[in-house]
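Before any questions on binding or motion, here is one chain by itself as structure tokens, the form predicted alone.
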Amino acid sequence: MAAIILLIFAPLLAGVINRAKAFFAGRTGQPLLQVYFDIAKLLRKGVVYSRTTTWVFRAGPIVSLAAVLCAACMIPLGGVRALMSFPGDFILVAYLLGLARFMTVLAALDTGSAFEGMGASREVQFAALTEPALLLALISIGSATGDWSLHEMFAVVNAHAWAAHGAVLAMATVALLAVLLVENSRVPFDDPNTHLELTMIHEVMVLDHSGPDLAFIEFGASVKFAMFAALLSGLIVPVRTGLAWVDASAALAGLFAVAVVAGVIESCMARLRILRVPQMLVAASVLAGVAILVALAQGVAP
């Protein structure tokens, strides 16, 4: 059920972010369902392939979307059970997201464009610093809860867990927020709407994609944001009643709250200098590492 909710509402979260940014800019903004319309329009268009590309370029969007969808099946939504759950599944989630990124980078390099190669190089550099922060943040939550599957560790994050391990969960929340922003190319780490060639990172890698391929990329990006928003929602909205509809409603409210926060951050902060981005990512990893030490010192929550 959690995976179905994420897939249905993922493009809507992008609309919430755009409307939040429009509010701060004093504009009406695009419709909340605009991303759905854009994906549907791209699916109806044709695809243009350069003669310099190979099957790698064609396989990139499909494999990336498949990897993200598989990872989404292991993400719980608050107290709502994930489609698949087993001890250590968060490691597989990290590897699947890495596979999606790897195929996107390969597709960009396959074009033979130095411009896309620059974006791919920056993407890999930031990913090497982001993945440790993600894993350490999830390990800190597992250390505090005593469970090692995503569903089990988030199922017990309630008011009692916050009372016992508030510092650990707070540090994990900050680290996951930083990971969410950089993994989804959001300000202050990146800007998905930039048109400045020297500052583009993720967007430059998909410039040659069109039609359904671009639709797969856009939908995959929306689902990935929803996945990280679900992890944050599971921490900041500790509602675990045992009633599926109550827990799902609270988790959905958390998803929209995370989207609004992302829109507010993009509206109120400037993009960091590219040399500052690694420093922020290392700080997130250190914060998550400290959370693990504090969790081990405190023991498992009752």
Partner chain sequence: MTLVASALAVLLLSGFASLALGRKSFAAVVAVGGAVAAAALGIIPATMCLAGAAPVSIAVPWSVPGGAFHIGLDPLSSIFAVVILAVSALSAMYGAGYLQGHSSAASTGPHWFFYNALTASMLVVVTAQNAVLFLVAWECMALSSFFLVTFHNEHADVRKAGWIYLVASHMATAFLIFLFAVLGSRAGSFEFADWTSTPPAAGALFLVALIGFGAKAGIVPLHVWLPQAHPAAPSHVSAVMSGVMIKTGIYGLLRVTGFLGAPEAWWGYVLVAVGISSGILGVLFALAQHDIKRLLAYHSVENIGIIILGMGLGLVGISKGNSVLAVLGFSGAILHVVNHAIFKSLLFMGAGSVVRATGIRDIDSLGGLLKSLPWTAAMFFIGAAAISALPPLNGFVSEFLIFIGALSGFSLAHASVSLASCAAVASLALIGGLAAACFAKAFGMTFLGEPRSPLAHDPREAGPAMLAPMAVLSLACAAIGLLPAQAMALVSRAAAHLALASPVDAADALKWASFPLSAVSAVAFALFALVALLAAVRLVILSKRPVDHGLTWDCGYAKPTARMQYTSSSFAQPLTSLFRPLLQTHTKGGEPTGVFPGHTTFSTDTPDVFENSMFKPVFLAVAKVAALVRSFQHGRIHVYILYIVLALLVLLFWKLG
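Numbering follows the first chain given and starts at 1. This one's a predicted model, so the numbers in the text were calculated from it and none came from an experiment.
Not on display, but discussed next: the form predicted in complex with its partner chain.
Heavy atoms within 4.5 Å of its partner chain in the predicted bound form map, among the stretches 48-56, 26-34, 260-268, 238-246, onto 48-56 alone. Heavy atoms of A159 never reach within 4.5 Å of its partner chain in the predicted bound form, leaving it off the interface. Proximity of D110 to its partner chain in the predicted bound form: non-hydrogen atoms within 4.5 Å are present. Using a 4.5 Å cutoff between non-hydrogen atoms, L12 does not count as a contact of its partner chain in the predicted bound form. Interface residue remark: L255 is not counted as part of the site for its partner chain in the predicted bound form, having no heavy atom within 4.5 Å.
Every residue of the trio V63, P87 and L92 has some heavy atom no more than 4.5 Å from its partner chain in the predicted bound form. Think of it this way: in the predicted bound form, its partner chain has a heavy atom of just one of L177, A155, L169, M118 within 4.5 Å, and the residue is M118. For the partner-free chain shown, L109, D110, T111, G112, S113, A114, F115, G117, M118, A120, S121, V124, Q125, A128, L129, E131, P132, L135, L136, I139, S143 of 107-146 come within 4.5 angstroms of its partner chain in the predicted bound form, judged by any non-hydrogen atom.
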